[in-house]
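First, one chain by itself: the form predicted alone, in structure tokens.
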Amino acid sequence: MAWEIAIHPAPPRETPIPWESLPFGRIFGQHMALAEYREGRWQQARIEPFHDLTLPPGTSALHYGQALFEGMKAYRRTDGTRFVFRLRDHWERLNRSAARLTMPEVPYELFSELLQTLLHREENFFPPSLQQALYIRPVYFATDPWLGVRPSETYLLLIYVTPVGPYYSGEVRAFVEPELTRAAIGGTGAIKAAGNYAAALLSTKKAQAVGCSVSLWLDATHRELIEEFSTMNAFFVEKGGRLLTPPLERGTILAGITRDTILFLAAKVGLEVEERELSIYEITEGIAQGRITEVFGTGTAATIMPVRALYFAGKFWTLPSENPVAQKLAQAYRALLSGDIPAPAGWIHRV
């Protein structure tokens, strides 16, 4: 169905965007897209000037955590083509998250038309090249103003944009979290629930205290099996170039869209990939013995981020400074975005 979208335009932006020195997530678009769910159905969607939200103190999401989000990117090619990368896959993941949190499904037509309308309004925020991106943040949360522990009956879907450069600057070192856990089997580790990220913040403080910028999570039962970084899926490179990455079957790891893209690109550039359980002891011993030559993370925000060292058992396990496999995949990723590597059907959603 076609969704009617009311548009309330914002005045033109007068401050230029610093494309060559963009902070991540600090500069916001002029508009935001909103859709409300109430009385058992989605109401008329709208585009409004970017503004603060007004919520009752009893808003359900603030108390009981019925809140989720997505992270997507849009780009502009050198020929001027503007597109959202893997829009349908992000929409499907948003609805998997919603189902786990007993939230109503967001129809694809509503999601895509609302986003398309927003991006036409935010045309000036598309970056001039593939060196930067337009990051898209859908947020979906419960809005019932009632202090009762039950699924909300009303919800708000909000989408806004921010032009971005790199998520991390400088070398990244990872703190292997030995005590806290991010997710357990049967929990919410496989979805983008807001609470998952709140649960990671204390570990991030511990990481920073030893000179690291991100945590690497282990399984909740034995504190041994590698799961993912706090902001990225995890990949390890064996000497010879084979990629290793933890599998998704246990349901404790986010099914990253970038992770899946890397698996596709690895096959394109002739890299073997093995998805299997990985012990932190296998990896640290492999680093010490030269069998593990690279570690990197993947995610929509970070894309492909080499990790220089792991901090585990009171010491740093440092990797070689060169990252040829990660660089090869990063080049392939750029070639996919530029169109030099053909993308599977549906991955490039033109705006």
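In this text the structure is predicted, and so the values were computed from the model without any measurement. Throughout, we count residues from 1 along the sequence that is shown.
Just so you know, the form predicted in complex with 2-OXO-4-methylpentanoic acid (COI) exists too; it's not on screen, but the next bit is about it.
Just one of 286, 65, 299, 306 comes within 4.5 Å of 2-OXO-4-methylpentanoic acid (COI) in the predicted complex, counting any heavy atom, and that one is 299. Only one of the listed residues (167, 91, 126, 160) places a non-hydrogen atom within 4.5 angstroms of 2-OXO-4-methylpentanoic acid (COI) in the predicted complex, and that residue is 167. At the 4.5 Å threshold, heavy atoms of residue 317 stay clear of 2-OXO-4-methylpentanoic acid (COI) in the predicted complex, well away from it. The closest non-hydrogen atom of residue 231 lies within 4.5 Å of 2-OXO-4-methylpentanoic acid (COI) in the predicted complex.
Heavy atoms of residue 86 never reach within 4.5 Å of 2-OXO-4-methylpentanoic acid (COI) in the predicted complex, leaving it off the interface.
Residue contact check for residue 251: none of its heavy atoms lie within 4.5 Å of 2-OXO-4-methylpentanoic acid (COI) in the predicted complex.
Comparing 146 to 154, 175 to 183, 133 to 141, 260 to 268 against 2-OXO-4-methylpentanoic acid (COI) in the predicted complex, the single stretch with non-hydrogen atoms within 4.5 angstroms of it is 133 to 141. Although 2-OXO-4-methylpentanoic acid (COI) is not shown here, in the predicted complex the stretch 67 to 85 places heavy atoms of 69, 71 within 4.5 Å of it, in sequence order.
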